[in-house]
Structures are given as C-alpha cells and as structure tokens.
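One chain follows as structure tokens, the form predicted on its own.
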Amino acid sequence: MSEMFNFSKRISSLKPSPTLALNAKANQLKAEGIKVFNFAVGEPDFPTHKEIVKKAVEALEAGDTRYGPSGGGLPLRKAIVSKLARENSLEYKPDEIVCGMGAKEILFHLFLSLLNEGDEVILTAPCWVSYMDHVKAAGAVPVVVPVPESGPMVNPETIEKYVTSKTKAFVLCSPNNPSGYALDRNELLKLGSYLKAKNWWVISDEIYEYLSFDHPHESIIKLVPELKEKSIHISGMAKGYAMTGWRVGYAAGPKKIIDLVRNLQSQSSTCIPPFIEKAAAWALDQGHDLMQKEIDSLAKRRDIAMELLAKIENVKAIKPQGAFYLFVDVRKALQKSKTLDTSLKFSEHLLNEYQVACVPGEAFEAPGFLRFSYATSVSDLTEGLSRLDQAIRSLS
C-alpha cells in the first residue's frame, strides 16, 4: 500500500468505547426478540423532566434553530456560573466557562489543548473508559495507578510511585465511574494538599456530583482553593438531570485554557443547538432539587443491589457512595474456571448464555471486575443478579 494510505498511528491505536459497543450488542439481541438484562449502559433509566423538554420545544417554536456561539451562549454560561457559586461554592466568570457536546467532548478537547507529545497523565484505576484513549489521541501517555487491594481508593502515597519528570496532569473522578466510590472531605483534603505542591494540571471530573448518596458532594477545588489556577472543573447535564441524549457538558477553569477549548470546538462541532441551551439553562437554575425524587430512587436501588450481591458466593463489591454502578470483584470466582478465567471472557459468557450485559473490568484498567449499572427496574435488577449468581455457581 502506498504511503498516502498510511493512516494516523495515534487514531488507529484507539479502541471503540466498550460500554457503547456492549450496549449496541444488547440492543441488537433485543431487536431479535431476545430478552436482555442490560446493565452496561451508563445512563439513568428515568426520562428527562417534562419541564426541561417543554422549554426546548418552546425555544424551537420560537425559531431558535440556527447556529449558536461556540463554547456556549452567554445565558447558559451565566447559568453555570450561578450554579457553581450556589451549589459548589466556586467563583468563576462567564469567560472562564466553556460548553460543549457533552462532558466527553469537553474532556477530549481539553486533553488536546493541554497535552504535548510524550506528556504523561496520571489516572487511578478503575477509571472511565475514554480517559485512556483521549490522552493517547493527544499524543500523550496515560499512566495508570492500579486498583489497590484494599479497594478502589485514591491514595497520594501510591500515586507518587508513578510520578516522573513527564507528568503533566492528574485526573480525579469522584463520584467515580465505574466504582461509585466518592472521596469524602478528609480524603479530598489529603489529596488536595498533595496536588497543590505539584506543577500539574488537575482535571476534576464531577459529572456524577448530584448522585452522591452517603455524604454531600464537595469539589476538591473548593476545599483546596490553591488548586484553582491549575484546575479544570468538569460537569454536565447527562447524569444528574437525565439528559444523556441532549449532549450538554461544560468546563470551568483558567481563561487561557478555556479559550483554547472554545477555539477547538469552533473547528469541530461548532456549538450546542440554541434550543437545547435554553432548556439546559432553565434546568441549571432549578438545581439539585429538580430530579431529587429520581435520585433518591437510585440510592434505594443501590441498597437492594448490595443486598442481592451479598448472597452470591465468591464475589464482593465496595458499597458505592455515588453514581449508579456496582463494581463487582469476581477474581476469586474466576479462579475456579480454566476457560472463563478473565472478566472479559466471563462478561461475554454472561451475555451469550445468561442474557446479562455488563462491562468487563478490562475496559476500566481493572481486570477481574465487572461493572453493573443499577439504573434499571428492581425486577430486572433482581433477575439479572440472580442470573449472575447462576453463572458464578456454574464455574465451580
């Protein structure tokens, strides 16, 4: 093949999102008439609030169907500024806010804007599937701190072992996807004290901030204000407002990096549709309380799921303090099988033989684990975990 057909090495090295791939496979089986218990998808099972939908429809009927400004219109950015001050005790100006097509796009553009070839970014396992490939796409190197045996917690002493002269950034996700682990105030203060002495960017992914069940969510940037000038706060509307398909994410941070992300967006997706911006701004003004009933229902399902999981032998999971995932350690169970000896193989077995879709830990740099979303009906949750029990028993 001639040189003109040699594709980008960076982009060719990227893998498709395993969560989206598994969800697509589960939906394909469903279309074939097969009942699938789908715990793979990372979105709430309740609909967007009807008043948010109404605001979008009103904006459409008023003719808000043209291009909007890159990086978000001023009304939306002002709504984000108000939300951050009111709920997070974080002070930003509108020109320190950039909006995009979901927090995923914002993160992708952020890594492209921050990183140079060979820079290293520290991620703590288990970590969201896209961080790795975002960093690689920017020409940088993801450095993964393994899951500690005591559980998926962020530990400065362990992080330090992976620091080099090339370390450029650190990513924190709390509440965490996939484990649901949420750092408490003392853990955040300890981590913040460690990070403020480092010459790194700190990327704080707080997309699950509304889904913190056991203690109030706090931003590390609020608790350790010395971090503000080198930190970027990431959030969006997908999880806490059940607006996954609306694609509204945002970043708050130093203007110099926010401007770069905005410029990059102007050359890619251009803008969020203006009618979506109007609905999102209205939702932000309502705040945490708008979806509180639905969020409370997730906490109840979390407790039901933990009770069901406790009855299954040879598996365990820490109690998730937030998000809507169970991160199940199946390493002991897999030791009993010669063929299904990895969580990847076992997840394929679960889908093919038991019609249970979940995400293997390999996707999160944590082999030997499985991620189950409990943002589903209690009946499906009960039947799905019963099938997991059957599959685990069959290994022995």
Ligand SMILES: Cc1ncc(COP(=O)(O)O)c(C=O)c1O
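Quick caveat: nothing in here was measured; it's all calculated off a predicted structure. One rule holds for the numbers: they count along the sequence shown, beginning at 1.
Omitted from view is the form predicted in complex with the ligand, to which the following refers.
- Comparing 173 to 181, 140 to 148, 260 to 268, 312 to 320 against the ligand in the predicted complex, the single stretch with non-hydrogen atoms within 4.5 angstroms of it is 173 to 181.
- The partner is absent here, but in the predicted complex a heavy atom of 103, alone among 103, 115, 276, 188, sits within 4.5 Å of the ligand.
- In summary, among the residues 247, 288, 230, 136, the only one with a non-hydrogen atom within 4.5 Å of the ligand in the predicted complex is 247.
- Contact between residue 207 and the ligand in the predicted complex is found at the 4.5 Å heavy atom cutoff.
- The closest heavy atom approach of residue 195 to the ligand in the predicted complex falls outside 4.5 Å.
- Though the partner is left out of this view, residue 282 does not reach within 4.5 Å of the ligand in the predicted complex, counting heavy atoms only.
- Proximity of residue 128 to the ligand in the predicted complex: non-hydrogen atoms within 4.5 Å are present.
- Residues 238, 239 are the ones in 224 to 242 with at least one heavy atom within 4.5 Å of the ligand in the predicted complex, listed in sequence order.
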